[in-house]
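In the block that follows, a single chain appears as C-alpha cells, in the form predicted alone.
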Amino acid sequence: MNWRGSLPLFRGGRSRLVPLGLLLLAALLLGYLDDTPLASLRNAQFDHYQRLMPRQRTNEPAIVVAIDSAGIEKYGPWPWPRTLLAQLVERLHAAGAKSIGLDLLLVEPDQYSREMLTKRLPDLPASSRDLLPDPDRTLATALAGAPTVLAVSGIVRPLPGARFPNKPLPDFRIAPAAESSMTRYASSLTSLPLLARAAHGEGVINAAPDRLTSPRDRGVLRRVPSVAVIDFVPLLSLPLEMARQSLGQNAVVAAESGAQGMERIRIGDHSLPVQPNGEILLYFGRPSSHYYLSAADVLAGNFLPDTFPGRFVFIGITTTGLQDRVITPLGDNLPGVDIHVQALESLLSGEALQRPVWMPRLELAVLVLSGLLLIFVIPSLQPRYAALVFLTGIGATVGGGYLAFRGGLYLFDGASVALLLSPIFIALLSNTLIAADRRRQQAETDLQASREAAARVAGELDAARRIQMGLLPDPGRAFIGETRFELAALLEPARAVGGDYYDCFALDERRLCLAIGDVSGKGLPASLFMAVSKTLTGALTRRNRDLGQALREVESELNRENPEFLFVTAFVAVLDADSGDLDYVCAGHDAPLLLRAGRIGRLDTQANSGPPLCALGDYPYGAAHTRLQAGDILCLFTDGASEASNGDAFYGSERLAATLAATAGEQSLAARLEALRDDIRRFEAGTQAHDDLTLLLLKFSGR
C-alpha cells in the first residue's frame, strides 16, 4: 500500500506546509524574544558563557574600603559623622590613592552640623551658634583636597526640589543622531551642594537588573550604564568618571555611534563596546576578598604601605542591613560596590561583552537558513541520518555561540535558535514515522497512555516531594552571621513524600523556636497532615508565649478536620539565645539527646510529656524548663533514626547517643549531622528505610 500517496499531508508540497508555518512562527518568536519566556533561556545561555569562561582578574587596580560591621562596631551606626568620612578621605589621599569614589549619597546635612543643631536647639544664643562645628564643610575640604568622585542616582520621574549634578562632563562628543538613544533621567538624587561642588566629579550609580521573564532570573545584574543624561546634562558612571579623573580633568569622552545608537565609549586611550543606549554588558570575573579592606583598618592605619598607591579606591557600605546586594551571572551575591570595581576593571582592560545591533539579524538569518535546509533535506533522508544531520546542525549552532564568546566576547544566542528549530525537525520527522498497523497502533497508544499515567503520578509525587522539602527551613541560610548558636538539620523521606518535619525560626531577637514532629502513617496523607501540623505549630507558637497553650491550640485545630484519625508526635522548644533558658513541650515524642562537656544524656521530658497530638484530644500540655550551658549540643530526632533496621536489629537511641558523642572531632555542626546520618545508613547496610529520617542539631554558644 502506498501510504504516502494516500495521505493528503504528503501529496505534492503539502508535507512542507506545516514545517514552513512553524518556521515562520519561530522567526516571529525570535524577533520578539524579549517579550517571551525564551528570554530566560537566552540569559541563561549568556550567563553560562561567563561561568565557563569568566574574566581573568590578573591585576587589582581597585580596592573597596568597606564600611562594614567592624567599622560599625568601632565607630557607631551609620551614618557616620562627616568629620570621620573626611578623615577617611584624607587618609586614603595621603596613602597615595589614585582616585577616590564614594558610593554614598550624602543627601542630608550631618546630624551634628550647625544647621541641624540649630534646628534642635532653637534657643541657643547666636554667639554660641558660631562656635558650633561644621562637619559638612570639613568633609568638603577633604573632598576638594583629594581626587574624589561623588555618587549620583538618576530618577526617571521629576521630583519637586530635586538636586541636579554640579559636575557635568566638560567634553563629551557624540553624534546628534545617537543622543536620543541614551539613557535619560528626569531628575536625580545628589549629595549636598557644598559637597558636590568640592568633589572633583560626580558619577551615576544606577544599575538596574534586566527585565525579568522568569523567577529564576530575579535580580540578576548584567548591564550598567556607561553614560547617562540627567536633565539634559551628560554624566559618566561612577567608575568611569573615576577613570576620567585619573587621566586629567580635560580627558575627552567620546561616543562612537551608528544609525542605531552608541557602539563604543572612549575615555582617553581606554574604550569599551556598549549597547545603543550606552549600557555596558559587564564581563564578570570571580569575586575575591583581596579587593576589600575595612574602613576601620584604614582609619587605624592598619594596612601595608603599598596598598593604595596608584590604585582606585571605592568607599562603600557592606554591613548587613545597609548594603545593596546584587546577583551576577556567575551566581555570586555581591555588594553593589563590587559592580563598580568590575566596571572599572573592564574599562582598563578593554573587555566587555558585545551584542551589536546586527547580532539579532544574524541569529534570524541562521534560523531561517537552517530551517529551510531542514525542510528540503530531511524528508529525503532515513530517520537515523535525518537525526544525525539535525544534531550536527544544532551542535554547530550552539557551539558557534561558545566560539563567538571565546573569540571576541560576542553574545550569539545559539540555544534559542536550536530550540526553535526543534519543532520544525520534529514535524518533519513525524511525517516519516506513521504506524502501518492499526492493532499495533492501538497497542502502542494504550501502552503510551499507561506510561503517561505512570509518569504523571511519578511527576506529581516528585512535585509533592519538592513542595514538601521546600516547606522546611534552611538553618544555614536563615541564621547567617549568628554567633550565639548554630543549627543543622536534615530530612530524608523513606518514600517520595513523608510525614516528618522540623522547623526553626526566630520569635524575636533573643528567642529561637525549634520544633520536630512525626505524623502517623506514610505517603501522601501523612505528608499533607505534616504540612498542616508544621504550619499550625509555627503560627500558634509565634502567637502564644505559653508553649503548652500553643500546643493545645494546635491539637484543637488539627482535630477540627481529621477524617483519617491521624496523630502526630511533636517536640517544641523555645531557646533564649542570650541566657540559654530552654522552655519545651513534648507530645509523645522521643526525648532529645543532650551532649554536655563530652557526656551524653537526655532532656528530661517525664514531667511535661503528653500523648501525641490528636491521640486523646484536649490534653492539657504543659511546658518544662531547663538552662543550656555554653557548648551544649541538643539532638532532636524522629524514630526514623532510633528504629532504623538492618533486618535483624534496630539502630536504637543508645547507639545514636554514642555516635553523637563520638563526633566530637568534627569541626562543624553540619559535619556532625552528616556523620550521624552516614552511621545510620551504614547500619542499615542497604536495607530499604521503613521510616523518614529527621535530625536537628543545636549547638548553644551563648553571648
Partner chain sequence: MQLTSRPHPGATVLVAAERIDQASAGEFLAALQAELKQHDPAAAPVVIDFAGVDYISSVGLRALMVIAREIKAGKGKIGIAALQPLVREVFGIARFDLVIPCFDSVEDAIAKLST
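For clarity, a rigid core is taken as the largest C-alpha set superposing within 1.5 Å between two forms. Positions refer to the first chain, counted from 1. These figures come from a predicted structure and were not determined experimentally.
Another form, the form predicted together with its partner chain, is not on view; read the next lines as being about it.
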In the model of the complex, does each of N559, L566 and Y619 have a heavy atom within 4.5 Å of its partner chain? yes
Consider the chain as shown here, without its partner, and state which of D503, D590, D338, D136 has a heavy atom within 4.5 Å of its partner chain in the model of the complex. D590
If we test each of P276, P473, P287, G521 for a heavy atom within 4.5 Å of its partner chain in the model of the complex, the one that passes is G521
Can you tell me which of 355 to 363, 182 to 190, 446 to 454, 566 to 574 lies within 4.5 Å of its partner chain in the model of the complex, counting heavy atoms only? 566 to 574
Classify Y32 as contacting or not contacting its partner chain in the model of the complex by the rule of any non-hydrogen atom within 4.5 angstroms, answering yes or no. no
Answer yes if any heavy atom of Q606 is within 4.5 Å of a heavy atom of its partner chain in the model of the complex; otherwise answer no. yes
Classify A615 as contacting or not contacting its partner chain in the model of the complex by the rule of any non-hydrogen atom within 4.5 angstroms, answering yes or no. yes
Is the gap between G393 and its partner chain in the model of the complex 4.5 Å or less for some heavy atom pair? no
Taking its partner chain in the model of the complex and a 4.5 Å non-hydrogen atom cutoff, the residues of 622 to 646 making contact are E643
Is S99 among the residues whose Cα moves by 2 Å or more between this form and the one not shown after superposition of the rigid core? no
Once everything's superposed on the core, is S653 shifted 2 Å or more at the Cα between this form and the one not shown? yes
With the core lined up, does the C-alpha of W358 move 2 Å or more between this form and the one not shown? no
